[in-house]
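Next up is one chain by itself, shown in structure tokens, the form predicted on its own.
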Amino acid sequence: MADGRTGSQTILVVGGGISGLTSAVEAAEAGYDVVLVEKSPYLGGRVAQLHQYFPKLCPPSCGLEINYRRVKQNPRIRFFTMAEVTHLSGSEGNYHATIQIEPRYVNENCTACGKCAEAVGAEISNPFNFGMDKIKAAYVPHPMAFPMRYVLDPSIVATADGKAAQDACAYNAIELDMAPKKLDMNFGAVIWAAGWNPYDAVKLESYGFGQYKNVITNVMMERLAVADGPTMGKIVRPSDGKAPSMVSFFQWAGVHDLS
């Protein structure tokens, strides 16, 4: 698919977190066409993983639900998940972008009924909970995921589990031969809202992250505190599932590492 216009009025938003979502809906409501690109299988970004978010200190479902509704109701917004911008060139008013979309092996027919997950035996580490629990290899990323559509982990696509998931789906939503797609498009402006990644705490060797199960990061702590997290909101030690008698926080750890 290509947009061959020069001086396009379409805006590219890179990143589907709270900043990207807000940028997309505000631009669309101001009258611009918007293409929103997000590399994960869902919109919402890191905020979706939080227990509470600043400044309201309420569950992220509040602000995200409003923005999801605005996205769904606005025909000016197109969004692609599991997608990344692999090339960007041009200048103000005339940018060219190449967007690579990876297969999720589940199409728009999905009703999130869960039959595919019931048919699959394989499990993977749950990326939404930073690997602190396991999920089926056919999964919805989290309870409030948008789009609310299953994903098949690539590890099972060519296996008996992949075929079982396909056979269990009554809606022809499982596409085991789904292939990557590449889109070349022109844009008048680009909003870069690609967000952030948690610091690699393995670099802090003196603290023992990765060596000792009870050393966790602040984002992992957030997931422990959430009611739908790996421990249903209970703050427990990963090593034995028991409540800790004492907790130590190390703030600003890694702040001087600019690599």
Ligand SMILES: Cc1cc2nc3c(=O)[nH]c(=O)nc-3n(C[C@H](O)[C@H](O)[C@H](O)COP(=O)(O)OP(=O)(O)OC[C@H]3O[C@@H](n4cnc5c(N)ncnc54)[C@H](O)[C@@H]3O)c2cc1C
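As the structure is a computational prediction, the values presented were derived from the model and not from experiment. Each residue number is its position in the shown sequence, starting from 1.
Another form exists, predicted together with the ligand; not displayed. Remarks below refer to it.
Practice task
Give a yes/no on whether T231 approaches the ligand to within 4.5 Å in the model of the complex, heavy atoms considered.
Solution key: T231 lies outside the contact set for the ligand.
Handout entry: Contact of E123 with the ligand in the model of the complex (heavy atom, 4.5 Å)
Key = Judged by the heavy-atom cut-off of 4.5 Å, E123 is well away from the ligand in the model of the complex.
Practice task
Considering only heavy atoms, tell me if F54 and the ligand come within 4.5 Å of each other in the model of the complex.
Solution key: Although the ligand is absent here, F54 would touch it in the model of the complex, with heavy atoms inside 4.5 Å.
Practice task
Look up in the model of the complex whether W196 has a non-hydrogen atom within 4.5 angstroms of the ligand, and give yes or no.
Solution key: Result yes; W196 sits at the interface with the ligand in the model of the complex.
Exercise for the section: Choose from 25-33, 65-73, 216-224, 203-211 the stretch whose residues reach within 4.5 Å of the ligand in the model of the complex, heavy atoms counted. Expected result: That would be 216-224.
Problem - One residue of D133, D184, E118, E84 in contact with the ligand, assessed in the model of the complex (non-hydrogen atom, 4.5 angstroms) - result: By the 4.5 Å heavy-atom cutoff, the listed residue in contact is E84.
Problem - Residues of stretch 45-68 in contact with the ligand in the model of the complex (4.5 Å, non-hydrogen atom) - result: Contacts from 45-68: G45, R46, V47, L50, Q52, Y53, F54.
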